[in-house]
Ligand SMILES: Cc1cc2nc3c(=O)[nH]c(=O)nc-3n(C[C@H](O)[C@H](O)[C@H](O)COP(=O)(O)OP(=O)(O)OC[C@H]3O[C@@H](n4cnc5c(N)ncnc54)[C@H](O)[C@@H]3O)c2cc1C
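A single chain, nothing else alongside it, follows as structure tokens in the form predicted on its own.
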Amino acid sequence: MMRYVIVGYGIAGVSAVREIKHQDPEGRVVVITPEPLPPYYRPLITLLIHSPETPIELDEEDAGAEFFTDRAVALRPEEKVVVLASGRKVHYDRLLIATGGVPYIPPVEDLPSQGVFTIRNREDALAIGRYSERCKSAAVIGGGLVGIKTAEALQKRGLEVNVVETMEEILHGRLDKKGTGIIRHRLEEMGIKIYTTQTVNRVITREGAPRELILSSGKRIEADMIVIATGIRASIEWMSDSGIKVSRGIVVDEYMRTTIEDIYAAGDVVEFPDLLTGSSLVSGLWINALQMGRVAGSNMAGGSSRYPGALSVMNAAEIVDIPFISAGIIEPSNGLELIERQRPAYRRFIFEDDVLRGIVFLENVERAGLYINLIRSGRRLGRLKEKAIEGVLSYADLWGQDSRH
């Protein structure tokens, strides 16, 4: 009987277990996770800040796996052993590393330990919500998707909220400048203050908790609590002596195999080429982790699935009641064509001749899945290009005729 060990039970681990049990029902599956079960939908954790009873658990049937609520601290491939914080050694025949990412904390002078949070998991969000009950104001360091959704959640709790972002705009890399402008305007109308092209130089504390932030511009802002949402880095320190090739993340091939036999990796811990640009990335995106986990699990159980490559931009979210989708290349470069439509809703398309390379849709996200499939496939649209731009392209158009003529 094959013994499969999965380290990490985010969506990459969950989807890998599903595939393993589908292909090898008799195989023994062991899952190591430091978080209590059940697994949950991580992109929704900011909802717990203002609505802690929000159900975000994944609808998972009994996986037929054995679970250890523990943390992996070492990997010994020569013994085929994972060492846990408790001292326990877990043997494997095939191993999946799906430990995800850990928050990056920028250098800030006098950053206190009380009243300062990162947000990566369910308990982080719940702790932020509990602490906010004693606060009147908050600062969110980082204006990416998680930071902005955290700011929105804290504002719903009645706090005065400030966002500090080092880039020229919030949601950098998630939306184009015009799209972020629309959302920023709505956030500021709600009363959230946004400071871009600035960093936090120092925190003024009182009784060990934050009271004021001094920005690089010299601006001082009040904050009774701080949430740091400045991105993640791959969680690879625990396996640093394993001999597995790593760069910013674990290096894998298209089968999700690492450089050591019988060890696979998937999700936010992996470094993989972008499908469109070829540049290496550590994704951090839910859908990429799900697909990687599925491929890894299949191949661990004897399959030959290939992962086609990640899209570094592939977002589906809603901020201040504005739903948006972005995917692929969202800023044009040499040889790419930009087309925008303002009405009835904002839509941006990036084309290379008649091949769709990227989209940004705000408010009206109808048929976004079709467009993302086109980006992934690299299919030439021919005379269907105009229908795609006008938003009337359908799957029937693509199935019913050859778009190359």
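Everything numeric in this text was worked out from a predicted model, so none of it was measured. Position 1 is the first residue in the sequence shown; the rest follow in order.
The next section is about a form of this same protein that is not shown, the form predicted together with the ligand.
Trainee: Please tell me whether the candidate spot formed by Pro34, Pro43 and Ala98 is one where all three residues come within 4.5 Å of the ligand in the predicted complex (heavy atoms).
Mentor: Contact check passed for all of Pro34, Pro43 and Ala98.
Trainee: Note which of Val295, Leu159, Leu171, Ala72 lies within 4.5 Å of the ligand in the predicted complex, where distance is taken over heavy atoms; exactly one does.
Mentor: Filtering the options by heavy-atom distance leaves Ala72.
Trainee: What is the one choice in Val252, Leu145, Ile183, Ile228 with a heavy atom within 4.5 Å of the ligand in the predicted complex?
Mentor: So the residue touching the ligand in the predicted complex, by this definition, is Leu145.
Trainee: Does any heavy atom of Lys80 come within 4.5 Å of a heavy atom of the ligand in the predicted complex?
Mentor: Lys80: no contact with the ligand in the predicted complex.
Trainee: Contact between Leu285 and the ligand in the predicted complex at 4.5 Å, heavy atoms?
Mentor: Answer yes; at least one heavy atom of Leu285 falls within 4.5 Å of the ligand in the predicted complex.
Trainee: I'd like to know whether Tyr131 contacts the ligand in the predicted complex, with contact meaning heavy atoms within 4.5 angstroms.
Mentor: Because no heavy atom of Tyr131 falls inside 4.5 Å of the ligand in the predicted complex, the answer is no.
Trainee: Might Ala12 be said to contact the ligand in the predicted complex, defining contact as any heavy atom within 4.5 Å?
Mentor: The answer is yes: Ala12 has a heavy atom within 4.5 Å of the ligand.
Trainee: Choose one stretch from 297-305, 163-171, 86-94, 118-126: the one whose residues place a heavy atom within 4.5 angstroms of the ligand in the predicted complex.
Mentor: Contact criterion met by 118-126 only.
Trainee: In sequence order, which positions of 246-281 have a non-hydrogen atom within 4.5 Å of the ligand in the predicted complex?
Mentor: Contacting residues: Ala266, Gly267, Asp268.
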